[in-house]
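One chain comes next, on its own, written out as structure tokens in the form predicted alone.
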Amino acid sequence: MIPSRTGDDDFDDLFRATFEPMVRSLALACGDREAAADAVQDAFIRAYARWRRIGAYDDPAGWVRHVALNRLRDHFRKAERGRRAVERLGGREAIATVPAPADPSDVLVHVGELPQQQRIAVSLFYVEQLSVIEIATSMGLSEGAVKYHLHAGREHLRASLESP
């Protein structure tokens, strides 16, 4: 293999530094740690296959995060289409499990109640501690839209945590 400034060591360093924080923030955003881990893993696989190009980017972690978010969206779209198909066909009812009652003061419960864009923005900002610019790049939004989602998410969380 021809040595380059974006070698395997750079990829390994990126993976070690960002995999777990990405999984944590996306798990909080979607409520499913397995789906988040699968999405991040798939994004890193794609990055490795294109590492000569991706490694030269100013923010390769941002590219990986963006791909992982897209993979998560695809995962939940597919699950929703499957659920609707079962309902339409009148087949057996979808099996719903009842989650254990959560502690109403648990912040994770309240984050899970946020709309998707707010949940993702809040998760990336507070768990991964990304800047507004990095979140905007990852989510494919403007900085203003990210600021709006962060503000709206904080207001919703404040109101739901202050209510009895």
Partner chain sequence: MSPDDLGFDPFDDRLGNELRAVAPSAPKADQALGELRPRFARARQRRRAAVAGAWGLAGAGALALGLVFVGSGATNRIDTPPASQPDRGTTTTPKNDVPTSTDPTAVVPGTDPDGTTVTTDDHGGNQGSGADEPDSDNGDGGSGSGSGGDDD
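Numbering follows the first chain given and starts at 1. Predicted model, so just to flag it, every value in this text is computed and none were measured.
Another form exists, predicted in complex with its partner chain; not displayed. Remarks below refer to it.
- When its partner chain is considered in the model of the complex, only one residue from 136, 61, 67, 122 comes within 4.5 Å through any heavy atom, namely 122.
- In the model of the complex, every residue of the candidate spot (23, 33 and 132) has a heavy atom lying within 4.5 Å of its partner chain.
- Under a 4.5 angstroms non-hydrogen atom cutoff, its partner chain in the model of the complex has residue 41 among its neighbouring residues.
- Although the partner is absent from this view, residue 51 contacts its partner chain in the model of the complex, with a non-hydrogen atom inside 4.5 angstroms.
- Within 4.5 Å of some heavy atom of its partner chain in the model of the complex lies at least one heavy atom of residue 108.
- Using a 4.5 angstroms limit between non-hydrogen atoms, residue 57 is distant from its partner chain in the model of the complex.
- Of the residues in 10 to 36, those that come within 4.5 Å of its partner chain in the model of the complex through at least one heavy atom are, in sequence order, 11, 12, 15, 16, 19, 20, 23, 24, 27, 28, 33.
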